[in-house]
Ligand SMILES: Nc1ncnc2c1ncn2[C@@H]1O[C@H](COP(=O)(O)OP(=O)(O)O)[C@@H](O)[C@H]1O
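Before any questions on how it binds or moves, here is one chain, the form predicted alone, in structure tokens.
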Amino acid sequence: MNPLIEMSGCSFAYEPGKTVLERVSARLAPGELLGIVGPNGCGKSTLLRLLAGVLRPISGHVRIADKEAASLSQLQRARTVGFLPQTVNPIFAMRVLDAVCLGRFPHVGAFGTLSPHDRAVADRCLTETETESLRDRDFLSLSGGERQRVLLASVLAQEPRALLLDEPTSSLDVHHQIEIFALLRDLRSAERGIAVVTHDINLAGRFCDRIVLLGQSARGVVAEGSPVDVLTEPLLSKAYGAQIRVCQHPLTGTPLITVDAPAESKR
């Protein structure tokens, strides 16, 4: 099956001469939950934005649904790719249902009028994210976990085949983090692939089907593959420049990652 998004040999720099990523290749396939992990400043969010077509590489190619990303309009991209940045701060009050309906923007007519079908899609997305009980609440009154679910429902309302999320659990406590990742795993399908940037390697190892590991000094991909193949002590230690320990989670059997404290590493 063809990838939903594929980038090949891409490099990117925010300033001339200061390359963030060099000759990076990555892909997102239907039916998978892809985790993008690595140390601070290694280019995880940049990679996600390149996949989304929000940024354009200085070299290499990004293809979305077998078309060059650079050739697609914003509206065309939005019909295939749903992108949720790390921070979304609405500046005015809005009912939850209305916030989710905003996700229908790639499909509504010139006057932005919602059809019965558009409203049915919004209702379905509320159900999928278990936020239907919040539909009449003010978005600004929601907790962090509730907001993330509603924002996810809004992106899902675009009906994208590729869903790209940047640190969707960064401000949540541990049980809400697990709930969001479990929900993402359930939302992937034969037609939909999901890529998520996360600092939590343990969550990625537990829930993701495939991992892309970036490294600071590598300016690109250190390894990619299944969690068991990528989340190893040698590869993680290389990517993070620190002594990483990996064992097996006693309940799930997935990789469990920890780091030695300075005093411990000398023992």
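Everything numeric here is computed off the predicted structure, so don't read it as measured data. Heads up: residue numbers just count along the shown sequence, starting at 1.
Beyond the structure shown, there is the form predicted in complex with this ligand, which is absent from this document and is the topic of what follows.
Stretch-level contact analysis of 225-233, 66-74, 32-40, 203-211 against this ligand in the predicted bound form, using heavy atoms and a 4.5 Å limit, identifies 32-40. Within 4.5 Å of this ligand in the predicted bound form, a heavy atom is found for every one of 15, 44 and 49. Mapping the unseen interface onto this chain, residue 20 counts among the residues with a heavy atom inside 4.5 Å of this ligand in the predicted bound form.
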